[in-house]
Structures are given as structure tokens and as C-alpha cells.
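Only one chain comes next, encoded as C-alpha cells, the form predicted on its own.
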Amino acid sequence: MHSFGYRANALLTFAVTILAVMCAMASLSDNFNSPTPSAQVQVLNINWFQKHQDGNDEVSLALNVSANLQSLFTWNTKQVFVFLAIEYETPMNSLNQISLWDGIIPAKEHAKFWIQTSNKYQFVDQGSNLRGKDFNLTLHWHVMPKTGKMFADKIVMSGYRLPQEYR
């Protein structure tokens, strides 16, 4: 007969193997989910658009953000991190990204939202490159699963422009 130690080791090894198989199946099952999130962002107002003494441009925007991210949630989703970024080009950089707003969505019930806000973080450009600049607003999200790998995606909304003059 085998001793107690051998039996405990066999039982623990079997339990860990079953747990690993279940985690792998859970992770793979998320690949069958085809999310269809939607979002809209409106720029309600440009609160201020000014040039600092050091030559940098600063903008404050009033935004209306509405999104339906419920399709991102499955039984394996722990939470979703979402943020709104502004993206534009300057002569110095081909892509500038600045986060304007972010949030954590803990459950599917909170994944359909509408908020009216101004940018949570400063929108400052190095130099005076923003007058008359076209820009995109991009809603990014990162899905954090209970088990498996994290994935990210985004919705790009284009057709926005800053004014020619400072306010």
C-alpha cells in the first residue's frame, strides 16, 4: 500500500491538473465571444483654449460620452478599464495621444453609461501646434478576465477640429 504522503501528493496533483484544464477551457471559451460595443462622443464646448507663457497650448473640453460596452462582459470578465484619448499629429510627432477621461467598469450593469464631463487630465501640447488642428477621439478599453489573457480594443471617432484662435 501507498503511504499517506503518496496519496496526498497524487490527490493534489490531480486537483491542480483539473484546475489548470478548467482555467484553459475558460480562457479559450472567451474566443467565441464576438463583442459589438458602441460609443459616441460629442464635444459640447471648448471651455478654454490658451497659450501658456512657456509656449505650450492648453485646451479644456466639455464632453458628452455615451457608450454601450455590455457585450464585452462574459462570465469570465472581472472588469473593464476604459479611457477616452485625443489623438492628433504635429510636425514633431506623427502621433500624439492624451488621455482625457478614464474609468473602471466593474460589472455588466454599469457598462451602458452616459456622462457629461470635462477632461479629467490636462490637455497640453508641447508648442503652439493646436490652432485649427484636426483630431480624433478614441475610446479604448482593456478587458480584464478572471482567468486568461487580457485583451484590448478601441473605437476611433474622427471629424473634430480645434478653433483657429485662442479663447
Partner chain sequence: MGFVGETIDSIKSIQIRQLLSQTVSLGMIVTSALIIWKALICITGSESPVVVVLSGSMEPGFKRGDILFLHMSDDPIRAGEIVVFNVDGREIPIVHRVIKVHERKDTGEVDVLTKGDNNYGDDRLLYAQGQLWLQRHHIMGRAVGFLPYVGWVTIIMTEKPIIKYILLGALGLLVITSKD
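On a predicted model such as this, the values are computed, not experimentally measured, just so you know. Positions refer to the first chain, counted from 1.
There is also a form predicted in complex with the partner chain; it is not shown, and the following applies to it.
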- Can you check 38-46, 65-73, 109-117, 96-104 and let me know which stretch has heavy atoms within 4.5 Å of the partner chain in the model of the complex? 96-104
- Would residue 147 sit within 4.5 Å of the partner chain in the model of the complex, counting heavy atoms only? yes
- Query: Does residue 79 reach the partner chain in the model of the complex if we count a contact as any heavy atom within 4.5 Å?
  - Reply: yes
- Contact label in the model of the complex: residue 122 to the partner chain, heavy atom within 4.5 Å: yes
- Task: Decide whether residue 126 counts as a contact residue for the partner chain in the model of the complex under a heavy atom distance cut-off of 4.5 Å.
- Result: yes
